[in-house]
Every structure is written in structure tokens, then in C-alpha cells.
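The data below hold one chain only, encoded as C-alpha cells and taken in the form predicted alone.
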């Protein structure tokens, strides 16, 4: 498959003012040197706790917020250097579905007008054809064509998310960034929307960057999964490999927290100590060292690199040549 996106060394730093009577500012490293590829037609899941930087990655890629450094290449062209019409052209091919479907829709605009607005903005077709396309898209996402003239407040959360999906599909994008699109929905509705995502991808062939904190959702939809912690990727591989052979202690803890459908199955859960550290004052060495149950001396001193083991990438001293075990798995429990 062709590479649609190549993200290299992406960084997004925010300056946080210390206060009215304090001088200077604190640097928040929300995304710190993130790199990955996204191929045509595939789904790359991005998972991690709140504050891991996954949503900032998605917004930076689409330049909804401007990255601090790095490259985002779309079909070989660095979109971070695009301006004007060239940037508009890229945004036609890359759309975003937001977490809160109500906040992403104009409450004073009828849903049909919300769907045709980007189509008309890019001069893709006449208004009459755009209306016909909007009606078709509403039916594609499981809504009645009669909903065209209604307002967002007249719909449930799941219906509003379907409208947001229809709006994103209006420009026939090649890449869709879905930022926790089901986390605000009831569980029963989540299943419907997730299946809709899968069906639409099979029909239209676009690629997803699917951002979520629920590993079970990401497992169902994704071809590959990237695990993020405190602004960086700590593990990246095919989903089957991630669940059969997780390498990073953080990934193992996330997998152990997935509820089991059979209550008779008793598995030991890995409980992480403490909360995710501050982005402004991360631990020295490995960022996960303050919570890791496999921590070694080198973890507190040296920041680990992202190492590639035959397509399975991991950022951990348990597998680095400079680590205590010289690339061999630790004898510690669960490591």
C-alpha cells in the first residue's frame, strides 16, 4: 500500500505562563519527537491515557494547531510548509471527526447545510448536486433524509456523531483523523458507530488515524497500534503482535486493564502507581520510570530510543543494548 502520511520528528510545545508575579514561562512538551507512517486504506490506532499527547498529534498533523517542529509529508510533500490554496487542497484530502459531536456542529445551522458547507467552500459541485450528495451521505451513515432540515439539538449524541461523519465524508478524503469519536457515547451506541466506521472504510477506502483511550475499541478497528505515553510513542506494531507479544511495561498494564467478558476468567491486573507525571517536569531518563514496575538504574539516567525489532518498535531499556539485560527480557515478574 502507498504511504499517504509520513510523520517525522513531530513536536508540539506550549509555553505556560508561571503567573502574574513570576517571570518567564514553563515549556509543556505535549508531543515530543513522534514518528510514524500511515498507508492508504489502513487504520492506525493511537492509544494512551489522558495527557499522553495523542489528540495533539492528530490536531498537529492537520494543522488545526501549528507544530513546533518536525515534518508531516502527505504523498511526499511536507504539509507544514504549505500555505493558501495548497493548504486548502490538503485539507480537502484530510478531514477530522471530533470527540464531542455537538461542539463540532454549528447549533444555528441545519444539519444539511452543515454537510454541504465544506463541499461548496471547495467549489466541488453546484448547490443542487451538493444537496443530493448530503442526502445520500445521511443515508450512508444510517440517518433518514428527512433529517436534512433539522438542527443539531434535535438529535441524540450518536445521531450527531453520524452527522459529523457524513460531514467529513462530503469532501471524499483519503485520510480521516478520528479523535476519540465514541468516548462520549453510550456503550450500545459505541458499537453501532464503530461498525459504521468499519463499513465506511471498506466502501470508500480511506485511511484512519483512530485516536482512543480504550484498547478494546482500537483492537477491533486497527491494523497497527501506536501506544503513547507523556508525548512520545513507546510501542508501535501490528495489532496482533501487540496483544500476543506486548513488550513495553506500559502496554502490558493497559492490556491487563481490559475487562474480560467471562467473569470466570481471573487474570492478574497490573496496577500502575501514581498518576501520569507533569509534561513540564517529566522524570529524568525514561519518562515512564516513575511508575514502572520493571524500573532499572539506567531507566532513571538515560532516555531510551525507539528500537525496531523486525517491525515491532519499542522504547524501553529492557530491550536496549545499553540496558541491564542487553536486549533480553527481565526476570522480574510481569516484565
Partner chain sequence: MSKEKRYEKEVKAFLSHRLGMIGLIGVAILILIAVFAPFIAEPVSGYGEYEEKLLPPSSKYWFGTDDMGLDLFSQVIWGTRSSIRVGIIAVFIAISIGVPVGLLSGYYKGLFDTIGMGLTEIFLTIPMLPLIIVTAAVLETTSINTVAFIIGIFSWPSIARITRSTALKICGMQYLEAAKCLGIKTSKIIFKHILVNASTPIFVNLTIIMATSIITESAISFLGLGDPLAHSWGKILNNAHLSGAFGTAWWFSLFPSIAIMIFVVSFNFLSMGIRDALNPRISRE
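Keep in mind that what you see is a predicted model, and the values were worked out from it rather than measured. Positions refer to the first chain, counted from 1.
As for the form predicted in complex with the partner chain, it is not shown, yet the points below apply to it.
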Item to check | Proximity of residue 150 to the partner chain in the predicted complex, heavy atoms at 4.5 Å | outcome: yes
Checklist entry - So, in the predicted complex, is residue 71 in contact with the partner chain at a 4.5 angstroms heavy atom limit? => result no
Checklist entry - Given that the partner is absent here, does residue 201 sit within 4.5 Å of the partner chain in the predicted complex, heavy atoms only? => result no
Next on the checklist: Contact with the partner chain in the predicted complex for residue 208, defined as at least one heavy atom pair within 4.5 Å: yes or no?
Outcome noted: no
Next on the checklist: Under a 4.5 angstroms heavy atom criterion, identify the one residue in 130, 96, 143, 226 near the partner chain in the predicted complex.
Outcome noted: 96
Item to check | in the predicted complex, the residue from 104, 183, 256, 192 that sits within 4.5 Å of the partner chain by heavy atoms | outcome: 104
Next on the checklist: Only one of these stretches, 131-139, 209-217, 152-160, 231-239, has heavy atoms within 4.5 Å of the partner chain in the predicted complex; which one is it?
Outcome noted: 152-160
Item to check | Those residues of 58-93 which, in the predicted complex, come within 4.5 Å of the partner chain by heavy atom | outcome: 59, 62, 64, 88, 91
